[in-house]
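The chain below stands alone and is given in structure tokens; this is the form predicted on its own.
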């Protein structure tokens, strides 16, 4: 039994289930203020306590799951789609096209990831879509280099050479012969990239550049709790735990998939 895979699936399933609950049936309105119950500790009435406006933190943590995960998954989809295509074209064509694409990827890697995302959001403005785009652009070089390396290895296989000798086009070779071999490393990398995307979304929201109020976000909740840590540490603890469980779950899932699917590690 692969313990990492089992635990990763369990944690990710728990997070997704909580996200569905938060999207469909939260116990209380996550936006409703109750000034008379400001900064109340966890108890029977409010499982995770209340924040500086008397809002129920338990409901806000559940409701924040959907935008946080949507941004993270959208960012990984952008990185996988654009980076995978660039890497595949680069590995197939080689020559000048390979050099130009890889130099563009190298140029993107020269910027620290979080600074590059901050620059994109600062130019385009805050919001879910722009946050997903910013994090997705950061992920493009990761998927591009991974895909290119895999394509360079797979294109030397005999079945690919046979297809090329029979007159198959590059598009046919990519879709019919290379894509099945690319699926495993890309799925593993996508699982691992979701965890970093969740952290990046939380960081941008913490800085006020991600999910905008009044909608809740784990990172923004931690930022809002910063001034109240002495009076109500639970305001930051529970959204922080939500981030930690999500990141741990996707990391374990990625490690488990790598151990299960990669023949080099079996």
Partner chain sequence: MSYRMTAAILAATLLASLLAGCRPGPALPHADPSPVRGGTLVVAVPADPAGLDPHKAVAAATFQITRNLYETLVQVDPNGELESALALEWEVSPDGLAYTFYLRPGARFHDGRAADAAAVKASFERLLDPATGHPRRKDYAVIGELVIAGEHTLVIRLAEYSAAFLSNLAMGWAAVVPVDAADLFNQPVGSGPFRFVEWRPQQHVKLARFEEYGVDELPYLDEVVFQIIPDGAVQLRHLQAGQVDVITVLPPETADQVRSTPGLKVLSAPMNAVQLLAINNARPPFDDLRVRRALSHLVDRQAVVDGAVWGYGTVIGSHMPPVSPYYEDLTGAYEHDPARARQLLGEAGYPDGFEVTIHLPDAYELHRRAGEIIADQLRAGGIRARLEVVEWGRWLKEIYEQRQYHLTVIGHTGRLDPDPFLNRYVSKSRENYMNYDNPVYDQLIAEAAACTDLARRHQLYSLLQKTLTGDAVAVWLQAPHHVMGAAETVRGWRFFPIDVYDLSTVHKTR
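Residue numbers count along the first chain shown, from 1. Computed from a predicted structure; not experimentally measured.
As for the form predicted together with the partner chain, it is not shown, yet the points below apply to it.
S.K.: Just to confirm, residue 53 within 4.5 Å of the partner chain in the model of the complex by heavy atoms?
M.R.: Judged by the heavy-atom cut-off of 4.5 Å, residue 53 is in contact with the partner chain in the model of the complex.
S.K.: Might residue 33 be said to contact the partner chain in the model of the complex, defining contact as any heavy atom within 4.5 Å?
M.R.: Because a heavy atom of residue 33 falls inside 4.5 Å of the partner chain in the model of the complex, the answer is yes.
S.K.: Please determine whether residue 41 contacts the partner chain in the model of the complex, using a 4.5 Å cut-off between heavy atoms.
M.R.: Output for residue 41 is no: heavy atoms all beyond 4.5 Å of the partner chain.
S.K.: Does the partner chain get within 4.5 angstroms of any non-hydrogen atom of residue 231 in the model of the complex?
M.R.: Residue 231 belongs to the contact set for the partner chain.
S.K.: Spell it out for me: taking the partner chain in the model of the complex, does every residue among 29, 213 and 227 have a heavy atom no farther than 4.5 Å from it?
M.R.: Spot residues vs the partner chain: full contact, yes.
S.K.: Where does the partner chain sit in the model of the complex: which of 62-70, 41-49, 205-213, 236-244, heavy atoms within 4.5 Å?
M.R.: Of the options given, it is 205-213.
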